[in-house]
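Below you'll find only one chain, the form predicted on its own, shown as C-alpha cells.
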C-alpha cells in the first residue's frame, strides 16, 4: 500500500482536476488540496509543471506528476490496494485509453467551439457536432460496459472518469443555452450512466454546483472575448 505526502494543485471548477479528485476518492486516499486562483499561477505550480504551466499537478512525496489522465493512471499504479481504475485486460485498457483520447481531442473541443460561437448558424453547427459526438459515445458505452452500469463495468473506471469529469460543464452548457444535449431520445444509456456517475460516492461531492460553474464560465468567456491589452 502506497504511503507518503500527497498534494493536489488545482481548481475545483476544472474538469481535469476533478478527474484526479475522483481517482483519489476511489482509492480512499487522503490528500491536501492546494487551490490555484483563477487567472493566476502560483510559484509552486510553475516549479512543479514548468513545461505546460497548468493544473492539475499531483505531488507525491515531493515528486510532481502532470497531465490529468497521466495522473489518474499513476494513482491506479501506485495505490493498488483500492479498486482498479484501468481494466486488467490489455485490450480493454487500450480501448479505454482510445476513447479517453477521443473525449479530450475530438469531443470536448466541440464544447469550447460552441461557447465561443458567434451567430445562430455557428451555434447550430456546433450543437449538431456535439450531438453527433454524444451518439458516438453512446455506442462506445454499449460496447465497453457490456451491459453493466459504467464504461468500466460494475464500477467507475478510467473512461468513466475521463468523460464524466465534463458532465458539470455539460450541464452548464445545457442550462445557459436552454437546450438538452444528453437526451433520452438519442442517448438513453448515457443519460442513465450520467445519473449513476454523479451520484457515486467518489464523485458526488467533487463537482461544484451548476450555478457556481455558470459564474466562472461567464468570467472565463468575458476574458476570452476581450481584446488583447497593449
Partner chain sequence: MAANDVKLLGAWPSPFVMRVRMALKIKAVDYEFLEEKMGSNNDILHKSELLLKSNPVYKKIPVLIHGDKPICESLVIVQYIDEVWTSGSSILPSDPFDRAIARFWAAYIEDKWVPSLRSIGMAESEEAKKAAMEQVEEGLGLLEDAFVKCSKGKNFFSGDQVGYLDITLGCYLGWLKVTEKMNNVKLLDGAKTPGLDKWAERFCSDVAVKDVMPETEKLIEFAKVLFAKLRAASPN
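Everything numeric in this text was worked out from a predicted model, so none of it was measured. Numbering follows the first chain given and starts at 1.
The next section is about a form of this same protein that is not shown, the form predicted together with its partner chain.
67 is the sole member of 174, 35, 67, 195 with a non-hydrogen atom within 4.5 Å of its partner chain in the predicted complex. Among the residues 122, 135, 116, 78, the one placing a heavy atom within 4.5 Å of its partner chain in the predicted complex is 78. Of the candidate stretches 108-116, 125-133, 144-152, 70-78, only 70-78 has residues with heavy atoms within 4.5 Å of its partner chain in the predicted complex. Remark: residue 47 does not count among the residues lining its partner chain in the predicted complex, judged by a heavy atom distance of 4.5 Å or less. Using a 4.5 angstroms limit between non-hydrogen atoms, residue 51 touches its partner chain in the predicted complex. Remark: residue 204 does not count among the residues lining its partner chain in the predicted complex, judged by a heavy atom distance of 4.5 Å or less.
The candidate spot formed by 63, 90 and 94 is fully in contact with its partner chain in the predicted complex: every one of the three has a heavy atom within 4.5 Å.
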